[in-house]
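Let's start with one chain on its own, the form predicted alone, as structure tokens.
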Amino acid sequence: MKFIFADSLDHVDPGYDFLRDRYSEGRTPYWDDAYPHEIMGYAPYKGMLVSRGIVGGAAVGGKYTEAQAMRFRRVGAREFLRLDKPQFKELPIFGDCGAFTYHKEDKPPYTPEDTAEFYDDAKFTHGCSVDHIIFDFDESLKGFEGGTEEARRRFEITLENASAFRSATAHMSGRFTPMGVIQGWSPGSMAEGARRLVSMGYDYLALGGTVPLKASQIKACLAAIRAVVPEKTQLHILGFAKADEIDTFGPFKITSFDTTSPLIRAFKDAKANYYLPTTSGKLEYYTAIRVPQALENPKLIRLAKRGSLKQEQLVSMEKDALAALRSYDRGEAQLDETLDIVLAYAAPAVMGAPLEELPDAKAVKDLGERYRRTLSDRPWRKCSCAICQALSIEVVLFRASNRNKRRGIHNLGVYNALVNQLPANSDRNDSTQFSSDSSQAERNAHSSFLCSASV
């Protein structure tokens, strides 16, 4: 079972100055930045996925600049993602259309033919057919019954595109593996979609539309699909949002899945921002400590505008919080005094009111308890990955992109190691350790590339 990381230009500035919170001098975005596999010194995943919707183009505006999108197609995905080094040459690169980017459209903005050309031009190793996402889902329906008129229309569009995509890729045999995408409104309709895709000649299927589904619903779909496709048929789950529950999916013989969850949760989850493995093979989660930039945080700016706190006061509180946390990390400050200083600044940033106005708020108490646990346990000291070794306490500070993404990249490494140790991967010849799969020598060799000397 391979964990494929769905990229969205998730790179960081290797020379970022964490004390002054500044990018490296003369930095050129992308060119001077580092992808997770560069900053870690090894790939914290078993492959990468790039959505056509992220790359963008004439049909759909993406995240790439026009120049980046052109270069992506000109040099190919592997060189663009800097996976062209010898140690990464075996990593697969998946492509899909990013159906969420056009789910409001009457039909997909891409044709099977131009999508095949897109994958071929960019030298993907795997490419998904053009699907149209179906949001209606009812697990109580039996077989092929039910489904709204719109759901059935999208179901047929997805299969018609898959058939045309299969034809369009016939002359590209061996250049990339075509994958047929499954969409449906119930386990039975998913199974019917899978059955038809296999009859078209697909032997690698990708299950789409799972993001809003519960884990039990996804399992019901996989069980129905497995009942109608040959055992040799490979299955991929697109946009797998239940990454934490991957250990319960072993019976469905999934070949691969893609997710951004470990990285995204570093800065979008309210509580679970930093991953740490446990000895029982599970994940332990810690809350990152919010120390936002006083002059850029919207809630703090509003507080200053209405006169609840002066801007100069907020800037001073921000400096005090950072100084207290760094002193604590050096063993020069006590936990309680550090926590008091941090909460005085973090509470207004999180809740939009000065701490004096929230003395009895349960939310403040809960926040304080989560921060106390993070500081008391010092999880960053227990991880041997290159990022934690170089950043120390900075990795658990919830503060701007370069810290937050680094924390997310650390999470990728922890998560990848967890997936490696699942029973489904027990037959792989992989000596990966739980916290990192790079050697210490690799980490040391890479440490100078990781952060500025000021850290």
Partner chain sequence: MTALNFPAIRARQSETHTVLSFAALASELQKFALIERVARDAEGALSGFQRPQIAGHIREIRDYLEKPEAILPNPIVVAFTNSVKVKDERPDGRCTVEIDTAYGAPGLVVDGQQRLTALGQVEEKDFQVFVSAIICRDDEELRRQFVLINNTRPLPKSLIYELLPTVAGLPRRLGDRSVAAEIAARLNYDESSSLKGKIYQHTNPTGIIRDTAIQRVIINSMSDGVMREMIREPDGNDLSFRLISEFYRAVQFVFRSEWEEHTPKTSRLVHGAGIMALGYVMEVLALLDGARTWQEFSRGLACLVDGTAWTSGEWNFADSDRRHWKSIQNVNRDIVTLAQYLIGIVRADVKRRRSTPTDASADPKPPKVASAT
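Computed from a prediction, not measured in an experiment: that's the story for all the values here. Residue numbers count along the first chain shown, from 1.
Form predicted in complex with its partner chain: not shown, discussed below.
Chemist: If contact means any heavy atom within 4.5 Å, which of 53 to 61, 39 to 47, 385 to 393, 414 to 422 contacts its partner chain in the model of the complex?
Modeler: Of the options given, it is 53 to 61.
Chemist: Which residue among R226, R73, R166, R152 has a heavy atom within 4.5 angstroms of its partner chain in the model of the complex?
Modeler: Checked against the cut-off, the match is R73.
Chemist: Of R306, K282, R330, K89, which residue is found within 4.5 angstroms of its partner chain in the model of the complex when only non-hydrogen atoms are counted?
Modeler: It is R306.
Chemist: Applying a 4.5 Å heavy atom distance criterion, does D138 contact its partner chain in the model of the complex?
Modeler: Because no heavy atom of D138 falls inside 4.5 Å of its partner chain in the model of the complex, the answer is no.
Chemist: Any of the heavy atoms of D244 lying within 4.5 Å of its partner chain in the model of the complex?
Modeler: Heavy-atom contact with its partner chain at 4.5 Å: absent for D244.
Chemist: Heavy atoms within 4.5 Å of its partner chain in the model of the complex: does D336 have any?
Modeler: D336: no, not in contact with its partner chain in the model of the complex.
Chemist: At the 4.5 Å heavy atom threshold, is K319 in contact with its partner chain in the model of the complex?
Modeler: Answer yes; at least one heavy atom of K319 falls within 4.5 Å of its partner chain in the model of the complex.
Chemist: Heavy atoms within 4.5 Å of its partner chain in the model of the complex is the criterion; list the residues of 112 to 126 that meet it.
Modeler: Stretch hits, in order: E117, D120, D121.
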